[in-house]
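A single chain comes next, written as structure tokens; it is the form predicted on its own.
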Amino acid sequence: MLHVVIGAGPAGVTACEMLRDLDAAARITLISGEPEPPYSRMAIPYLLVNDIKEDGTYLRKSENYFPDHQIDVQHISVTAINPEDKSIRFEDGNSLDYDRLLIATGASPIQPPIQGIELPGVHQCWTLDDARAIAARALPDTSVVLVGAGFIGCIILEALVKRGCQLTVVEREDRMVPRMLDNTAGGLLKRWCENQGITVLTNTAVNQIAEKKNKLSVSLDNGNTITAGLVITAAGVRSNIDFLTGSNIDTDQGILVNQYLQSNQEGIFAAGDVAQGRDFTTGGFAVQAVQPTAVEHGRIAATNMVKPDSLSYPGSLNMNVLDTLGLISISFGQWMGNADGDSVVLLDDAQYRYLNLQFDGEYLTGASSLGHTQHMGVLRGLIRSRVPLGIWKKRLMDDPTRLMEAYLGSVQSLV
């Protein structure tokens, strides 16, 4: 049996390891489109502040890890898949057959439609090559413009501050991290960053970037211009599915998969940021571009590649945890709530503490928080387990901090 895995991120590496555990005799090929050993993109900010070296980003630290596990790693890009003859084609024109195929090609940064985005000194922060280019320019006191204050932007933000850069963040939405924080929490996070010397411009967009006297001139839609030595774009990501054109693999925002993470084509599975799988909270299908989901996808997809239809996937819980200069923000499930549900908010504006719980009937279905770290695992457990709260719903509405009591009381009521 030849298992081929396209994509050497957390989903792909986890899948290869599970395949090896389940099928000791199988041939396993892991295809990476980058020249480096498989690495974690989430480790790049630590590289930028010299907490780790490049090899510290590698997903597996042993130099011979993949050969020792009889996993053949190939560093080449895939340009097409042909499900009819079970083959993939590479950029050099060669091809490779497979018996089972896992597509774990992840996502790529969205390039904002800004004039001058291709100029030298304008970079994304997604690959190790990007990190090298940023490190060469992000020197102490360098003026840096960060375009985008979403999840990825806020991770990069901290590294730039630690490098001593003079940072301006430009976000077109009305708050920071709009996909995980509401107006109140996003506003608190903005004030937190501003109090640490960062200029944060919300409701603002970049119109144009131009070269001017060996610097970059960044024109904003409010009429102002910023002179910078470096511009970094972090405007979101999209699933890597373009190479699937003509393959007859069903796609939408990502590859559409069933409860076994199998596509509509026999023997072809998808995992990680490229898979549009079941959403635990809504029951619909969505791309959940977070590492815990990628790892879980890899494990489940690999299991079903070896033992078809043996392990069903219950769905991803929308989950984000972000540390921005020491302020922890968290969102779970339907943190934005729903029209028919109840909610409760606890706010300590002066201490940057915020907790928002969202209910659907007697179930806790979503939550977001800022500055709260205690019992966050319990909070996630209450949402994931779908435990009916009973009397504990009213008690949480009266005091949202009673999470541990609510969990224990609700679980014990079922015994």
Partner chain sequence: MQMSLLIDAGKCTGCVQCELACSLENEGIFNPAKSRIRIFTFHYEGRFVPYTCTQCAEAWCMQACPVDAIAYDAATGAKVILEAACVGCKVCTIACPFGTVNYNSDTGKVIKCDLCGGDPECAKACPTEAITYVDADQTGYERMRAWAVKTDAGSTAIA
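Positions refer to the first chain, counted from 1. These numbers come from a predicted model, not from an experiment.
As for the form predicted together with the partner chain, it is not shown, yet the points below apply to it.
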query	finding
Location of the partner chain contact in the predicted complex, chosen stretch of 66-74, 22-30, 353-361, 35-43 [non-hydrogen atom, 4.5 Å]	35-43
Touches the partner chain in the predicted complex: Ser385 (any heavy atom, 4.5 Å)	yes
Proximity of Phe332 to the partner chain in the predicted complex, heavy atoms at 4.5 Å	yes
Any non-hydrogen atom of Gln253 within 4.5 angstroms of the partner chain in the predicted complex	no
Partner proximity in the predicted complex: Leu189 to the partner chain, non-hydrogen atom cutoff 4.5 Å	no
Single option in Ile300, Val144, Ile88, Leu181 placed near the partner chain in the predicted complex, where near means a heavy atom within 4.5 Å	Ile300
Contacts with the partner chain in the predicted complex - residues in 373-394 whose heavy atoms fall within 4.5 Å	Thr373, Gln374, His375, Met376, Gly377, Val378, Arg380, Gly381, Arg384, Ser385, Trp392
